[in-house]
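Just the one chain here, the form predicted on its own, laid out as structure tokens.
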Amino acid sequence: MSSSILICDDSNLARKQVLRSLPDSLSTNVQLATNGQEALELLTSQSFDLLFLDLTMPILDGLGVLQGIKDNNINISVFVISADIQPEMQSKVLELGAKAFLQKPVKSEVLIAQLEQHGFL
């Protein structure tokens, strides 16, 4: 299955870590964003199937991106990847439409299990 993927994180290391964790079948059509505003601009101008989204970023944070996705009726699956694993935050991102909440740094086997669960593999 070929999917168009956007990875948004202000950390270059974190973006590369997510990219390396993707199975080869999904890593061919991937774009990167360094903050939420950049991601939202890409999401409103291009079609993506899946967004891996950090929460804590400059300019526009992950919650702002989720709200922007909702406000613009963008059809995309969002997996939030964050070190902020407080239950309240997990509930908030799921309420805003995220499909999954993964702890940072994401483990490849956890990422793959979520991709399988949500039909990307």
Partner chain sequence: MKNINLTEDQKDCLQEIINVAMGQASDQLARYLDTFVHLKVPSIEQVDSQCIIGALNSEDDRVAVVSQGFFGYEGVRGEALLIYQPKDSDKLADLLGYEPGELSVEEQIIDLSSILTTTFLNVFASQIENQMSYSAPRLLSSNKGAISEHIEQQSFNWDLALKVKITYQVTDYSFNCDMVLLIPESAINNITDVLDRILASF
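Positions refer to the first chain, counted from 1. Because the structure is predicted, anything quoted here is derived from the model rather than measured.
Below: the form predicted in complex with the partner chain, not depicted.
J.: Among Gln17, Gln86 and Pro105, does every residue place a heavy atom within 4.5 Å of the partner chain in the model of the complex?
T.: Verified in the model of the complex; spot residues all in contact, yes.
J.: If the cut-off is 4.5 angstroms on heavy atoms, which of these, Gln31, Thr28, Thr56, Gln67, is the one near the partner chain in the model of the complex?
T.: The residue from Gln31, Thr28, Thr56, Gln67 that makes the contact is Thr56.
J.: 87-95, 72-80, 44-52, 31-39: which one contacts the partner chain in the model of the complex at 4.5 Å, heavy atom to heavy atom?
T.: Checking each option against the 4.5 Å cut-off leaves 87-95.
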